[in-house]
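Just one chain is shown here, as structure tokens, and it is the form predicted on its own.
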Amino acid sequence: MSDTAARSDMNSWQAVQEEALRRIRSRQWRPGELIPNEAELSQELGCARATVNRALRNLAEAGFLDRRRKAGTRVALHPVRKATLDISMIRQEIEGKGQAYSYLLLSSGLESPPLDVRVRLQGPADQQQLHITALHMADRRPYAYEDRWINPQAVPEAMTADFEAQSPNEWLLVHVPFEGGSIAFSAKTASQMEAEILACPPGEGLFVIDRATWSKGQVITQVRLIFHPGYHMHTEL
């Protein structure tokens, strides 16, 4: 890319990011090499320094750059490609596979959470949380068992939501914005209860997602999703 072309196209951080990636992949910026600073790049590319900062910060978070205070920014010696993982709406996931979605609310009510859940929700020992269990189905067959705790202090409107008509997975994604979260993947063998719910033999291997989301310093929800045997997850690099 010529300097003229580069300068004329650098009107967004995404464009700056693409140009930086081009230089990394073409070895114009070599692994371990110190790259020009933000002021130099903004002058070269004809854009605001804040635009360059956003692009480089994004590339550092993605593992392509190593940014150190007072030491500058270097191309990562061993770039790490990070997978992109979205919080999916289970209904859309099922319908995207060409299957008919249905949903069954199993239980809902205020309960005192067990210690491990209370720690993750960061709530007082005497505070009850909204506990919901539900079953998502594809073509009338069990697809995922949802075991969810919602913090009523963070989401008071959840106390009056109609979770018979709409799953908490979908209701939260539609109505409650979040700022961050954590996610963990594991496998387990089906307990007797889980086997009955997911229509599989006890001891069957199951895929599990444990996830928590938060906003404004408060945990919104903690959920465990247990999927039917043979479930596959796909993501992008």
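Note that the rigid core is defined as the largest set of C-alphas that superpose within 1.5 Å between two forms. In this text, residue numbers run from 1 along the sequence as written. Predicted, not measured: the structure shown is a model, and the values here were computed from it.
Note that the form predicted in complex with the DNA isn't included here; everything after this is about it.
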Only one of 30 to 38, 190 to 198, 204 to 212, 176 to 184 has residues with a heavy atom within 4.5 Å of the DNA in the model of the complex, and that stretch is 30 to 38
Ok, A71, A165, L110, V119: which has a heavy atom sitting within 4.5 Å of the DNA in the model of the complex? A71
Answer with yes or no whether F227 is in contact with the DNA in the model of the complex, where contact means some heavy atom within 4.5 Å. no
Do L59 and the DNA come within 4.5 Å of each other in the model of the complex, heavy atoms counted? no
Would G63 sit within 4.5 Å of the DNA in the model of the complex, counting heavy atoms only? no
Can you check whether C47 is within 4.5 Å of the DNA in the model of the complex, heavy atom basis? yes
Exceeds or equals 2 Å, Cα of E179 between this form and the one not shown, core fit: no
Rigid core superposition, K188 Cα moves 2 angstroms or more between this form and the one not shown: no
Would you say G72 moves between this form and the one not shown, meaning its CA shifts by 2 Å or more once the core is fitted? yes
